[in-house]
Ligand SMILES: Cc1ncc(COP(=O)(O)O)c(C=O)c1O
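The chain below stands alone and is given as structure tokens, in the form predicted alone.
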Amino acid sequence: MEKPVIYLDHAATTYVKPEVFEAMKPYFIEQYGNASSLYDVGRASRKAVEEARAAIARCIGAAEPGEIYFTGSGTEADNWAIKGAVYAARKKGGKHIITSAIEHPAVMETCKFLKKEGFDVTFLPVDSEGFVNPEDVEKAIRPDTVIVSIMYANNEIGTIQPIKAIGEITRKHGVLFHCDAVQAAGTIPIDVRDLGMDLLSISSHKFYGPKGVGALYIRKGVRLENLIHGGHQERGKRAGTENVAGIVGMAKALELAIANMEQYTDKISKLRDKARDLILSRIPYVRLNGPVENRLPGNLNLSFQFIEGESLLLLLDMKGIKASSGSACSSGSLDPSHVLMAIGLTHEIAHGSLRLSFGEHNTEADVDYLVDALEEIVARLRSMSPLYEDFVKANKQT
């Protein structure tokens, strides 16, 4: 019997929906003009870019299309938001950044880089479920604080942060608020004005759009230094010939995601909950990482004691199951997840983590196959672990 292929890593990336691909095709083959050109093919590309800009503005509740700037990725948008803000403010004495201990590497590494350049960075702790306390944000604000950067939802453990409360605090203190919404966009409703956001990053390939295109919302009146210098594209703010097809695809994908959000999130939440309950009931010594409530609908993160995560992933792959041990951007690292360490896990337990992220094509049959496979694989790996053998013997004696 041929093994199935079950993709459970939608937090890493998604496929491009057929409707999105069809919307993109003309800008590869027919309307391929440079959007900065004056002739008709170029004007058609410019029109498509501006229509996409307006669509994305509507999708996130921006006041006007001009607040949307296209980038090459969510990582670029994060870098631009934070570096651009502090570089613009340093002449006036701004030198302090506030973020959390569980941000995506696009934010964490940017902040570490800026710290080496002489800026001060406060990395706020989180609780055992990964939540940032808004009171900690307020206590950390100083007269020279430029920006607070807190992600909307965590890419590893799915925790949805109290973004609105944080936005109210930053607004009260006159501090910029940046939100990495790469995991949230298309899955959680976003209204940047209601949530008090000044800057927001999204990435197309997380919501069934193409890779290689993202966007940064910059509230009107917020001044950022440019990250990329060169031509006059994006109203002189982001140089580089526009990825017209990618931009069109991102807008189409986000519109589709928002139109189908309730149905989609209901489906993947039920699949996640079924998988969680079956795994926890059938496999002993498993820990749920992250909260039960206020969690991304498709996210499930578990730690299996006495298991090495890489072996677990390889054996799952041999059964056709595609999963992850954490962030896609750090999957090549041998270090334990900084997110799992921040919520209090030991190195040993953090190394046995598994992230499952469900998508629109997953089924209950996928969940049943997954749980059967996990039960078999975990038992097999534990049978080879002297630590597990010692643990079982010690527990029998007590």
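Everything numeric here is computed off the predicted structure, so don't read it as measured data. Numbering starts at 1 and runs along the sequence shown.
Here the subject shifts to the form predicted together with this ligand, a form of this protein not shown in this document.
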| property | result |
| --- | --- |
| Location of this ligand contact in the predicted complex, chosen stretch of 198 to 206, 303 to 311, 165 to 173, 82 to 90 [non-hydrogen atom, 4.5 Å] | 198 to 206 |
| The single option of 289, 299, 183, 159 touching this ligand in the predicted complex, heavy atom within 4.5 Å | 183 |
| Interface residue in the predicted complex among 149, 325, 75, 145, criterion: non-hydrogen atom within 4.5 angstroms of this ligand | 75 |
| 4.5 Å heavy atom contact, residue 241 and this ligand in the predicted complex | yes |
| Residue 248: touches this ligand in the predicted complex, heavy atom cutoff 4.5 angstroms | no |
| Partner contact for residue 96 in the predicted complex: this ligand, 4.5 angstroms, heavy atom | no |
| Partner proximity in the predicted complex: residue 106 to this ligand, non-hydrogen atom cutoff 4.5 Å | yes |
